[in-house]
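Take a look at this single chain in C-alpha cells; it is the form predicted on its own.
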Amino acid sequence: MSSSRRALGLLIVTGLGLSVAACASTAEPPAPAASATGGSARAAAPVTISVGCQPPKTNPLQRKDWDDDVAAFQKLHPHITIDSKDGFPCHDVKTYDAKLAGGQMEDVFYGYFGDVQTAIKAGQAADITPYVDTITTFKDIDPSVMAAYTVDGKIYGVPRGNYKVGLVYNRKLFTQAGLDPNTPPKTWAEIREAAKKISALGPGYIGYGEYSAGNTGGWHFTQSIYGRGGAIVDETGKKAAFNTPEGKAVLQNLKDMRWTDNSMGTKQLYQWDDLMRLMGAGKMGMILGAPDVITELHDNRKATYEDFGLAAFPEAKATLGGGDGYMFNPKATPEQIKAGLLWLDYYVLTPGRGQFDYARQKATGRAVGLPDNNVWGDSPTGQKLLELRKANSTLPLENFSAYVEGSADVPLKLEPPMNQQIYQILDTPMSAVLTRENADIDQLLAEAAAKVDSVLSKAS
C-alpha cells in the first residue's frame, strides 16, 4: 500500500473508510447552522466546489451514501453546489504527484498525511487557518493528528481518518495451530513462536508475512523501527538515523524468521495486494497492519470479520501513525474554502453523521465496530464517537480489545519527510534479508543510509 504508493493508497482508501452518512438516518444529529460561514446561507452568493474522492461505482453502498449526503448537505446550504469527483483510487501513485505539481487538484482534494509537506513545498495547498472554526469539532481533534496538517503555525488541511499500526492475525489459524486467539502475541519472541506453529500446519501456510517491494518494504521497515524506539531521520530531518541497533534488530528478526524458523514462506517481494490476498485466503497467520486491513479483507477478499483479531504493535515504544484527509487548492476563493469546510464538517468530522453514521451503516448491513478513525482521541467528541460505535456495533468487539487496550498509550509517530523516496531505498535491505540467506545487514543499512542522506540533502 505505501506506494507502491498504490499500496498505501488502497489500504487507506479502502480501509480508513469511505463510509458516509445518510440524510434519512433517524440518528442524524442536528444540522449545522447555515450561518456558520458568517451569515445567512440563503443570502450567500452561489458557490461551486469540486471535491475529490467520491466513492467509486464499484462500491454502490458507499457511493449512494455519498450522493445522499451531498443532496442533504445542499438542501441545508442551497447556495453551495458540490461537484463530486470520482478518481478511484483516491490516491493513485502513478498520477498524484504530477497532478499536484501541475495545480490540477480539486478545490477540496484528498491526500495522505505524508502528502502535506509535498503539497506545501509545491505551493499547492491553501492556508486555511482563518477558516477552521467552521469545523464544529475542530477544538477536539487530537493535536498529534493536526500536527500532520500544521506547518509553522499555519493549518493546511483537516483529517478524515487516522490509524495506529498493530498486529492483524487470523484467529481461525491460531485455533488450528493450538494457539489461544484471545491472547495474541505481545512480543516479537511470541510472534516468532506463533508463526512457527502456524507454518507447521502444512504446505501453503505462512506464519508471518512482510512486504519488501514497491516501497511497501521501506514503509514497514519504518513501522518496525518506530516500534523498537528508533527513527528514520534525525531531529533535523536532514540525516538518516536508521543505521542503529534498532534498525539492525528489525532486519535480523526478519532474517531469522525467514531462514532459521522457515515461518515466512519461500516466496517474497510481496507488495500490499499480495499480503491482502494471502490473509484473505486464510493462509497467512499474521501481518502488521491497521484496523482498515480487516475491512479490506472482508469487503474485497471475501473474508469473514469473525476470523480476524487485532492486537497492539509488539513491544511498541511508538507506532507509525498515518491517515488521510483533505487540503484545499490555493486557487480556491475564500468562499470556496468556507464551503468546503462546511462540507467536511458535515461529511467527515461529525460523530453520528456522514462517515460516522453508524446507525445507517448497521441498517444497510455494513460492519460497525472496528477501532479506527477516531481523530478526536479521548476528548468529549471522541467519547461520543466511541459510544455511537459501541451502540451500533455489529462486530465482536472483544476481538479487537487487545489493540484498543494496548495501543491507547503508545505515542503516534508520523511518516518521515520524503517518505516515498526513502521507502523505495529501504525496500532493498528488506528484500535482501528475505531473499538472500547471506545478506549482510550492516552493509545494507550503511548503503541505504548514504542514499537517504543524499535524498535529504537535495531536498533541503
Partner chain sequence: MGRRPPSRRGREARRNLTAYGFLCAALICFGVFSWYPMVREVLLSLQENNFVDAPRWVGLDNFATVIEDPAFAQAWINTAAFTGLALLIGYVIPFCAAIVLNELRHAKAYLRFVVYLPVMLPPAVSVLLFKWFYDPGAGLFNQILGFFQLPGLAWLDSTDTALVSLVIVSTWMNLGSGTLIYLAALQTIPSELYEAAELDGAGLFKRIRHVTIPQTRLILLVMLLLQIIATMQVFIEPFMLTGGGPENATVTVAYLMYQYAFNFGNFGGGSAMGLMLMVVLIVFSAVYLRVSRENT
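Positions refer to the first chain, counted from 1. This structure is a prediction, so every number in the text was calculated from the model and none was measured. Note that the rigid core is defined as the largest set of C-alphas that superpose within 1.5 Å between two forms.
There is another form of this protein, the form predicted in complex with its partner chain, and it is not shown here; the text below is about that form.
- Interface residue among I225, A213, L179, L167 relative to its partner chain in the predicted bound form, by the heavy atom within 4.5 Å criterion: A213.
- When its partner chain is considered in the predicted bound form, only one residue from T266, T129, T183, T364 comes within 4.5 Å through any heavy atom, namely T266.
- Against its partner chain in the predicted bound form, the set Q252, K283 and I287 makes no contact: no member has a heavy atom within 4.5 Å.
- Contact with its partner chain, judged by heavy atoms within 4.5 Å in the predicted bound form, is confined among 235 to 243, 319 to 327, 290 to 298, 116 to 124 to 116 to 124.
- Using a 4.5 Å cutoff between non-hydrogen atoms, D274 counts as a contact of its partner chain in the predicted bound form.
- Looking at L444, you'd find a heavy atom of it within 4.5 angstroms of its partner chain in the predicted bound form.
- In the predicted bound form, at least one heavy atom of S431 sits within 4.5 Å of its partner chain.
- Although the partner is absent here, D97 is a contact residue: one of its heavy atoms lies within 4.5 angstroms of its partner chain in the predicted bound form.
- After superposition on the rigid core, the Cα atom of K121 is displaced by 2 Å or more between this form and the one not shown.
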